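Take a look at this one chain, the form predicted on its own, written out in structure tokens.
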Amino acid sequence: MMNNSCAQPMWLNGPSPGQFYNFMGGNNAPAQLPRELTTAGPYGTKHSTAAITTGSSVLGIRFDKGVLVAADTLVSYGSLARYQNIERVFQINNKILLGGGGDFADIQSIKRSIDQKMIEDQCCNDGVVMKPAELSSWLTRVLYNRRCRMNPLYIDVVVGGVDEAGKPFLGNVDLRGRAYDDYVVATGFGRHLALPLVRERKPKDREFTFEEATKLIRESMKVLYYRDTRSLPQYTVGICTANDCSIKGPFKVEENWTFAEGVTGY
């Protein structure tokens, strides 16, 4: 016959209404939860479940001596073209560009976090400068951490730049922390419209030249303006090479709507 004299009562450390259960076998209090999970509102805590003010496609192309990152200047409020002069390509330092798609408030939030990271690195004064591949890896940890806390940042970013040796890097990180790098990356509708356009022009035995990449950026932004209802003909382009890292523009798409006369069926 078993001796149950040492067994703990079934509901010892049982939860109060609205609290988490502390399983038997330990008297330790539950770990402190993140603030965004415990901040009480008039109707309880509620997280955003969708993006509100959004930016559409971002396109990045790697060429032999650097990278180009382009995005239009529209931030939409639902289906309303609300903010039409917002730059979504940012210079992080002299070696890194960041292009942001998705919820623009979350883009601003992660940009502030990156700026603070840059300040911390400068305060160390050890001569070490963050490189684009390192920023991409850091973003995967930050975004995956937010996703695991069920409070993700609804963003899809393009990270590009060159390292100390002048080697170009171009990568994409999404809201769940998934990442990859390639000679062309895109977010939003650019994945469906711009990626095939660029990939079919890729030389088999070499990288793009700067002139080829620039031409593809212009063509891709024109196609995106024609086909994506959440875009504008105005866009900015970030250029990062070993000698220069800056944002150019805004530029205008060379639009031509004369073909619309032959469109029927609407």
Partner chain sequence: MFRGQYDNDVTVWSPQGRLFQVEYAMEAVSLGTACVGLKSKDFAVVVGLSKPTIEMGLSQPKITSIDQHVGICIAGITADARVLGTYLRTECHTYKHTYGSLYPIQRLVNNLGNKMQISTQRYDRRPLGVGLLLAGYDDKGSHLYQVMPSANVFNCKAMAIGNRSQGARTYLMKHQDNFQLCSNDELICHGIQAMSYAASIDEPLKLSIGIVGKDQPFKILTPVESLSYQKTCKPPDTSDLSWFPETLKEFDSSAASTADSAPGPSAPRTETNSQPNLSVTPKTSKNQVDNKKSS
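Since this is a predicted model, take the numbers as computed values, not measurements. Positions refer to the first chain, counted from 1.
The protein also exists as the form predicted in complex with the partner chain; that form is not presented, and the subsequent description refers to it.
- For the partner chain in the model of the complex, the listed stretch (154 to 162, 118 to 126, 177 to 185, 100 to 108) containing residues with heavy atoms inside 4.5 Å is 118 to 126.
- Within 4.5 Å of the partner chain in the model of the complex, a heavy atom is found for none of 199, 202 and 211.
- Between the partner chain and the residues 75, 193, 133, 114, the one pair within 4.5 Å by heavy atoms in the model of the complex involves 133.
- Between the partner chain and the residues 145, 84, 137, 94, the one pair within 4.5 Å by heavy atoms in the model of the complex involves 137.
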